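Quick heads-up: it's one chain on its own, the form predicted on its own, in structure tokens.
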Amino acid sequence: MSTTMHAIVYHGPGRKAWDEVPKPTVQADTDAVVKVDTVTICGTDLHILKGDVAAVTDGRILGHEAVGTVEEVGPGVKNVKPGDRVLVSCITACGACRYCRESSYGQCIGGGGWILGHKIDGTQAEYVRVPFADTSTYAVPQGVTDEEVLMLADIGPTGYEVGVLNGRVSPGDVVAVVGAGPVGLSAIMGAKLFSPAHVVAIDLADARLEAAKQFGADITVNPSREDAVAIVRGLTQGLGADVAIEAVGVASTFEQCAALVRPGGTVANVGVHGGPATLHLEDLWIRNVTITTGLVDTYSTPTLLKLLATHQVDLARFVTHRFAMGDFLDAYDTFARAAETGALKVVLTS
């Protein structure tokens, strides 16, 4: 059996390669080694390649989303066994620390949190070592495809938890989603579960606005041509959105959300920011606005898996481009040029 494999390796800002590297092995009793069958690329990976995430160092294998087959487990693993088909979550959970006991797995201080493709080697590889396998993988339900389940490794729970639930979307709300990329589309899909009055998608790319309509947006706005604030206020008797969800991760879109939200409303920041944004407290302090931030915890993954298994959500529509595992560099190029290629999620299979 080979002791090496291929993987996407980060070599500093703007530099990555499909390198031959050592195959991972079980290092702790609670580890599993998973053969990666299906994997994708996240917008966060693009932030890493821009140099926005300092904790990612030269030599790190990227990626934090996968569906695969368990090949080997440590002696402390109780619920996962070789041959199992599993979702590898973007968040690793020790299951025992203060934060894990509160279901705040993203803040795990017992060795988990967002570590795959960040602090330890990740999933954009032929094999991946998954710490705390019992609490960091999920059995794939019968009757669903790898591609569908893969959308619940990150974007599904991220849009739902950090956008919709943190934003406290309620029936009858007007929800503005700024950024109609994969996470923004996930937030739109999640918001529709709560019967909002209107979901407004705001993006500079017309192709993504078209996608937003397919995911449930009632109204689409391209701010290069239209005044988003005026349109949202026109829907709300001049007040503004009940919930404004930021799903890009740049200063201008965060500031736009703060301008869109009504007094007493919520700005839910989902985007990964690599730089500061201006917080206009001189305007916001008197308006009772709540601002939430968050790294996904993935506590909603079991719920979303049930919705997927019963066909209450359609996750297959996220996948726009498919590649073989060996074509990872082409997949990155396609995903990085999403405004031109129309890419939402690219999927690679072994």
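Keep in mind that what you see is a predicted model, and the values were worked out from it rather than measured. Start at 1 with the first residue shown and count on from there.
We do not show the form predicted together with a small molecule, though everything after this point is about it.
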Notebook entry, point to check: Want to guess which of 269 to 277, 94 to 102, 75 to 83, 144 to 152 is within 4.5 Å of the small molecule in the model of the complex, heavy atoms only?
Noted result: 269 to 277
Next item on the list: Could you check which residue among Thr135, Thr236, Thr253, Thr220 gets a heavy atom within 4.5 Å of the small molecule in the model of the complex?
Entry: Thr253
Next item on the list: With the small molecule left out of view, choose which of Ala180, Val88, Leu116, Cys108 has a non-hydrogen atom within 4.5 angstroms of it in the model of the complex.
Entry: Ala180
Notebook entry, point to check: Just to confirm, Thr44 within 4.5 Å of the small molecule in the model of the complex by heavy atoms?
Noted result: yes
Item checked: 4.5 angstroms heavy atom contact with the small molecule in the model of the complex for Gly59 -> no
Check: Can any non-hydrogen atom of Ile202 be found within 4.5 angstroms of the small molecule in the model of the complex?
Finding: yes
Checklist line | Contact test in the model of the complex: Gly51 vs the small molecule, heavy atoms, 4.5 Å | finding: no
